[in-house]
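This document starts with one chain, in the form predicted alone, laid out as structure tokens.
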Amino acid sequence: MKKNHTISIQYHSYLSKEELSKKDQLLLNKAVQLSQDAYAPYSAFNVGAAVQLKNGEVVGGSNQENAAYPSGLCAERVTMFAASANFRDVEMECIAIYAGSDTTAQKQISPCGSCRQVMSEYEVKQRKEIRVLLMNAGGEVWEFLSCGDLLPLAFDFTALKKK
């Protein structure tokens, strides 16, 4: 018997970061600053990301391209890997992501599939949701209350555990 199902997500949108808390504004400002450090000579698509940790630390990164394209890494993964490597047992509370290019002034950006999978993994690992803030070059912000909202039906490591 065929059954129909629906998956839906919710998010909040803001015309500018000034509508957010000061803490979120600072995190987005850090992501914007970090986007200027991106190594993006091939795409000219500069992305910065900053993670707010529970201990108050902020860890950031930017996209790093390579002439051998698969060897590059997105800002979101650079940032989350650095946070996990340097603050192994500290929860990630929020990740702010900014894409600054002419093409993102009117269009909202979102993480690629690989980044969504990594973000989801850290959320499952810490057993606590991680908020996501996306900001485009036009200043519009989208807020997701969980990385899981960006990747419903994500594959996670609990499927790999042996009985």
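Here the structure is a predicted model, which is why all the values come from computation and not from measurement. Counting begins at 1, following the sequence as shown.
Form predicted together with a small molecule: not shown, discussed below.
**Student:** Please identify the residue among 55, 114, 33, 110 with any heavy atom within 4.5 Å of the small molecule in the predicted complex.
**Tutor:** Checked against the cut-off, the match is 110.
**Student:** I'd like to know if residue 47 sits close to the small molecule in the predicted complex, meaning any non-hydrogen atom pair within 4.5 angstroms.
**Tutor:** Because a heavy atom of residue 47 falls inside 4.5 Å of the small molecule in the predicted complex, the answer is yes.
**Student:** Going by a heavy atom distance of 4.5 Å, is residue 63 a contact of the small molecule in the predicted complex?
**Tutor:** Close contact exists here: in the predicted complex, residue 63 approaches the small molecule to within 4.5 Å, heavy atoms only.
**Student:** Using the partner position in the predicted complex, report whether residue 90 sits within 4.5 Å of the small molecule, counting heavy atoms only.
**Tutor:** Taking the distances in the predicted complex, the answer for residue 90 is no, it never comes within 4.5 Å of the small molecule.
**Student:** In the predicted complex, does residue 106 have a heavy atom within 4.5 Å of the small molecule?
**Tutor:** Because no heavy atom of residue 106 falls inside 4.5 Å of the small molecule in the predicted complex, the answer is no.
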